[in-house]
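Only one chain is shown below, in structure tokens, and it's the form predicted alone.
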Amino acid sequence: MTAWLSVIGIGEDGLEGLSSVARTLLAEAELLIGGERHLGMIPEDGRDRLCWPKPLKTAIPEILQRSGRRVAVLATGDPMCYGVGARLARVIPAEEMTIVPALSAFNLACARMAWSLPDIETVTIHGRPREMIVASFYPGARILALTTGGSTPAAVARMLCEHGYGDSRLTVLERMGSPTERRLDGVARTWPHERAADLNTLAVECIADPGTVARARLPGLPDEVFAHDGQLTKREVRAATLALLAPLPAQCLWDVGAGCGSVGIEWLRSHPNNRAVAIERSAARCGLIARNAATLGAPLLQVVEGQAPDALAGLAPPDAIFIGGGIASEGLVEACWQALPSGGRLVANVVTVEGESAVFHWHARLGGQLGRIAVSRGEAVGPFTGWRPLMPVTQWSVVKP
């Protein structure tokens, strides 16, 4: 089938900024689809128009019904950069689409800031929890963020202060490319602009306050950054566990018996496209997991309250599973093993004799590797320093053939 759907990026300069190819595709279209702002840039000429509904996904069936007719979708900037083009490409074959991008907000913002695009952190918090930007905070970071509305910059300024980056410099770039383009500058600690224009891109230069401890994206965040009731996979064990779970971009983790959610949170922090589900039977701990996830920049962690294996039904298929508690529960390992695809990883940690017995049983049946992690930490003993051992952890890891 020849291409029937045109996805055209358009900037704030409207029709004047379109290439001749984009103009031709737009002129040939029988149906125009876009946001109210985009459609307002096109003079009325009697053609059918569809303004994006909420939620946007409800428009997809109507677009598919027009297959074979000329349809043009208008999108802001580059439709494939956190844009509607990427969503359409999941359901419409590439050979049926013609995509004509304009400059993205990131391109324009880099030009305004004189920043090199490959050397900065890019993140979207447009239609997503604002806390997602927290994972990008580190000394010297340069961040460009697509925002949701005019209140976002002030909210990010407050988050920077809360996380020890109050001296960071913020720049709001409003309506880039339009005649009314405007720039707002300030420091997070004294940010003077409670509201900006709703159409804005935020630039942040992270400057750490004295004494701020940076939070790396590699596994092994300090134990003290997690709120917990004692059910916490300790830092050294957590790092070793995540090394075996081997998070890869866009993969999904089940954290079974999640405790305070530390393993799932670190999985999510390792790459922005990762997904994770924390399964925990305690309602109080589920609350701790949600708070930790928001605080540490992983607010998309899905928290499921319930007892495994029953609570696993209907979850998104996993690429890796961590069993942090309850391995002796009837049917749990069987359900997890069945859910894993070929190449999927399963890691289980236990500290009790009963847990070890279950681990030995499943190692004998499914193979894999056994290990024991013994950690001692230096602590004060009067005026001296001594070694205080943590409970040893028996660890079983296996890759499904």
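All residue numbers refer to positions in the sequence shown, first residue = 1. None of the values given here were measured: they were computed from a predicted structure.
Not pictured, yet referred to below: the form predicted in complex with a small molecule.
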item	value
Joint contact, G77, S104 and T147 to the small molecule in the predicted bound form, by non-hydrogen atom at 4.5 Å	yes
Contact segment among 243 to 251, 89 to 97, 224 to 232, 200 to 208, judged by heavy atoms lying within 4.5 Å of the small molecule in the predicted bound form	200 to 208
Y165: touches the small molecule in the predicted bound form, heavy atom cutoff 4.5 angstroms	no
Contact label in the predicted bound form: W191 to the small molecule, heavy atom within 4.5 Å	no
4.5 angstroms heavy atom contact with the small molecule in the predicted bound form for L173	yes
Interface membership of F137, the small molecule in the predicted bound form, 4.5 Å heavy atom rule	no
Listed residue that, although the small molecule is not shown, lies within 4.5 Å of it in the predicted bound form (heavy atoms), from R281, H126, R169, R158	H126
Listed residue (C81, A293, V304, V237) with a non-hydrogen atom within 4.5 angstroms of the small molecule in the predicted bound form	C81
